[in-house]
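We give structure tokens for two forms of one protein chain below, kept apart as structure 1 and structure 2.
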Structure 1
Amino acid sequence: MAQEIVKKPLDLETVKTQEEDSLFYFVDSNSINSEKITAPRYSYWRSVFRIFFKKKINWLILALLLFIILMTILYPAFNPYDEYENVIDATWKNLSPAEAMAKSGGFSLKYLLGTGQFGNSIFNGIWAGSRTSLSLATICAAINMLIGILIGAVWGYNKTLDAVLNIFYNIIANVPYILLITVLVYVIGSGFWPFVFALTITGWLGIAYFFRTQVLIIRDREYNLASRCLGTPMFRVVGHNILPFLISVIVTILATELPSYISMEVFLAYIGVGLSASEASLGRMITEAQTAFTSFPWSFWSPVAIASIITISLYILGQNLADASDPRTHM
């Protein structure tokens, strides 16, 4: 058998014609070329942003969100919001934009959205309120995500800790979260930092539990097993094998967490706990204007609209970034 195969090219060479000679020629085997890997260069983060920015809608929402963030930082810095600046003068109460601007003499950005029930400028109020909401959401998300992911990762890896933390989780998770937060905020008292404390003291637990499940799923996959057998250090396994999978999970959590803190603030303000009266808050603006929601629509719908825009854009951006950060979409 072996002899026959060796023979074959020799036979072909003998029947070769003159024409074919001009078309084909022998190529030397190149040892340098054969060492090269032909797959294109792959960078994880570059691929994430390539996929992310392919969608036009993401550009649009990102621009909108950046504009809102800039406004919340810059606008209140130059135009501080004072809810009670016109409280003595009853003629400023509940004015429509046109009335308020006429009263202030010509066009003014401050009265673009009219005034509220204390004669407060709605436009100033929504930016100051958004600033509180956004900083609250960012701080709470940062704390909860950090604690949640760290504990979740250890929780998923360590089996003895798993048993202990599971019991703890079952006890806390059985209490409705919304009730827990409400009572906590009520007990601790009002103010920005007590609020952050109430939202973060048990808020990380759900994230940690979710993350633990994800780590458990990925930890014992074959490629990780193989990697460990080949002697890859643990940190490299976590950093290169596991984390890229979990980044999309992390971003998905972030996409739901960030809006949820803003909603929570609105909700708690509605039932009368939460931020103190000296802090501008979208939730309190909505609550104070709720009785006027048909008669003075500006004071009610403006904070509702800005809260909705912020939460929706955060949510969509987060979801799309989560899709883009999943390595399976990079093909």
Structure 2
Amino acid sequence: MAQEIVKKPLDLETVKTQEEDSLFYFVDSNSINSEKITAPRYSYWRSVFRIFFKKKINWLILALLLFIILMTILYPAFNPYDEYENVIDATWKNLSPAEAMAKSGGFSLKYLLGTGQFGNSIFNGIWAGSRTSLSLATICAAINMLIGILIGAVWGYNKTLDAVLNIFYNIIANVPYILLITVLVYVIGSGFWPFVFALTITGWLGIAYFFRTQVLIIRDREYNLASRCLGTPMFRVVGHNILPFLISVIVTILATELPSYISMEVFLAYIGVGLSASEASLGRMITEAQTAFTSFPWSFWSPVAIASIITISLYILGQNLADASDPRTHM
């Protein structure tokens, strides 16, 4: 006669001991432990920031960039920049930091980096110019990214729209971008918002074409075909199935767009196109000091250094955030 095996319910102490010793243990069907879920709750963005902040270099660069942003916001508010405040007094022109501080009567942040060719404070000018350049880059990147992503996603998904926009892209893409910006600035005039318009009127087109290519890769995957068969509207498929899959790509493009507009402003100011003379910018400061960068290096290399720090910091942070937002790094 077969001996009947009777399983005794395990007490709590036994369960805890077995849980510590092994990943697998017996629980009573009537016990609350049978309903316990041991898998941790997953959050995509929490995982992204955990991977991003794991690199110590990101902390350092982020602190540096936050310091620069705070200085561009706060310092000009309390110390307004006037490029021509000492233009009448020739003794203030092109002074080294030591000479400017001695003339002002002692240590002063205003003359920490000396003066320029108009007797202007280089230190005050850097933060006023950085505010203009950062504002320009942020606004242009936001407009071009928003329009480019939305149009690019629909462009790649809708085959009828794809044929029309391809013709439009082939026409506009053959016009040199710098030439188009230069003509627009001369036609509509110089200034902050006309310059933003010139940079964004066709700046979104390259982003849209890039995302069109990315959407074509994943458009006909099984889950998208299933959504189309179920009658899901196009914009819902794009918004729920396609764009979330491209988050890391979006962050990667943003990492290159932000610093590129600062570099573009500096370059266009160098060739004499861009913001008006009343707008302080890093590009104008570099352009005005280029002829004297060997004689008075502080007036040239100071804005070059701050422009380089901003662009490199934005690029490194963007690339590291793009790597952290890639789902393959979360495994």
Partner chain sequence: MMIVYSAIDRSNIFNTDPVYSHLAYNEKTVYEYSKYEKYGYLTYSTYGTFVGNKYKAKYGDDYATHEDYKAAIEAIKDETTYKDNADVKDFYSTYSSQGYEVIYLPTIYQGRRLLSNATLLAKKEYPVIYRLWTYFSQMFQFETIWDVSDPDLTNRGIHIEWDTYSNMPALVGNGTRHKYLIYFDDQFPFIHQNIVHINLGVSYSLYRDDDLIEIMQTKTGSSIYEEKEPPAKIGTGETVYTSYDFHTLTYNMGEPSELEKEWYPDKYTIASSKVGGLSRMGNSFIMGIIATIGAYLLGIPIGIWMAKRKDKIVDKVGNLYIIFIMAVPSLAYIFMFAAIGTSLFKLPYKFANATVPILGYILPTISLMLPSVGGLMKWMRRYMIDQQNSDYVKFARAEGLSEGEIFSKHISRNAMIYLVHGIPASILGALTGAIITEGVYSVPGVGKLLTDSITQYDNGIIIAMTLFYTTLSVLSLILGDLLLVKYDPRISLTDERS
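By rigid core we mean the largest C-alpha set that fits within 1.5 Å across both forms. Please note that residue numbering is based on structure 1, beginning with 1 at the start of its sequence. Just so you know, these numbers come straight off a predicted model, no measurement behind them.
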Which of the two shown is the form predicted together with its partner chain | 1
With one rigid piece of the chain swinging against the other between structures 1 and 2, say which of 128, 215, 148, 302 is at the hinge.
-> 215
Smaller rigid part, angle turned between structures 1 and 2 (C-alpha superposition) in ° | 24
Here the CA of residue 230, compared between structures 1 and 2 on the core, is shifted in angstrom by 8.1
